[in-house]
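Given next, in structure tokens, is a single chain: the form predicted alone.
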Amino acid sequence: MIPFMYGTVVTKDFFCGRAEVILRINELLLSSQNVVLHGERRIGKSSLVVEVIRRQKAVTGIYVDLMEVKSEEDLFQRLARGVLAAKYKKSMFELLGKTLTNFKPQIGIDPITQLPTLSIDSKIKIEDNSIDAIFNSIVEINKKQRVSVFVDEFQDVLKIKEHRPLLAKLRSKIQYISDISFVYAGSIRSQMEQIFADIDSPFFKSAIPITVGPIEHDLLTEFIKARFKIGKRNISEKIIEKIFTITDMITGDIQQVCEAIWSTSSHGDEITNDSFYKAVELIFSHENVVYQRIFGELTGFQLKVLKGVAQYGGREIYSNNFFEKNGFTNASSVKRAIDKLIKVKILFIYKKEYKFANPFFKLWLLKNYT
């Protein structure tokens, strides 16, 4: 068994740390407070949300993933499915069948657990009374079995053409549910701030903000050592520091490097610098098609700016020093290139520094094109 996972939600033994954040979220849930989780991409927000749900004893979690949500109807379909998919007492199924009659729920049996399940037809048309039914169901369930609603990738609501009236509609429903917590998580901080920190937004100051940052350095170091010891592999703190440096302490990227090191090493191995670079080459081989596609879709000038950020860093890209090193003369052209690189999610800005969304693409550029 490979003891590292990436690109998916991790829980149980694969989950590391965040005890204080989990305790804080649980306190807020029990106080029926709404919460918004801020954090960078791949930092582990989704895993945190799912782990909170898993550990909860007093509160049942209704999980809704809005990644790449397409429309208002799609959003409410996902919310309804989240309500149906949550783990309730058996007595709740009859209640759900009554409150969600507009969705014509179908009762089935899980082939593995043999427990009853409910599902809805994706072709069911979502009307205003159907939306009311979803929120009424949540309220009715909460009377018998306390629930909280976890909405992941909430910023993707902004991709819906008429998102402003949709946000107003959502807020009008949620603000009158005083004894149920809604927890919103998102991977693009600027967009989450647009929803929750913009005074003109319907969700302005509607949730208590919690920042999800890197896992504590020493705790994560010991976690990595212990996971490698499962296969009698020994990894030094020096190599772990190298991993932390190239990944900027982003949890998902750390897991990816560790998985690659595990896959390119053997039982009883001492993990060395050679092991580390062999693992990076494995990542390159897995992602090379994606890198080449990105490379081919950018203009020559955009690539030149990107290489400059990779080589000299993204903290002072409009400085005379950066321009001289890269041969730039026109600030507006550089800005347009940067805006494009952010729009296609190659770069993002964090604390006034432009960074690569994929640190391994940065390493690949440095190796092959600088």
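Note that the structure is a prediction, hence the values are computed from the model and not measured. Each residue number is its position in the shown sequence, starting from 1.
Only in words, not in the display: the form predicted in complex with a small molecule, which the text now covers.
- Figure note: of the listed segments 33-41, 310-318, 297-305, 325-333, the one touching the small molecule in the model of the complex, with heavy atoms no more than 4.5 Å away, is 33-41.
- Residue in contact with the small molecule in the model of the complex (any heavy atom within 4.5 Å), chosen from Ser137, Ser187, Gln77, Ser181: Ser187.
- Between the small molecule and the residues Pro209, Gly252, Pro202, Pro214, the one pair within 4.5 Å by heavy atoms in the model of the complex involves Gly252.
- The small molecule in the model of the complex is approached by Phe15, whose closest heavy atom lies within 4.5 angstroms of it.
- Not displayed here, the small molecule is kept clear of Asn368 by more than 4.5 Å at the level of heavy atoms in the model of the complex.
- Using a 4.5 Å cutoff between non-hydrogen atoms, Phe223 counts as a contact of the small molecule in the model of the complex.
- In the model of the complex, the small molecule lies within 4.5 Å of some heavy atom of Val10.
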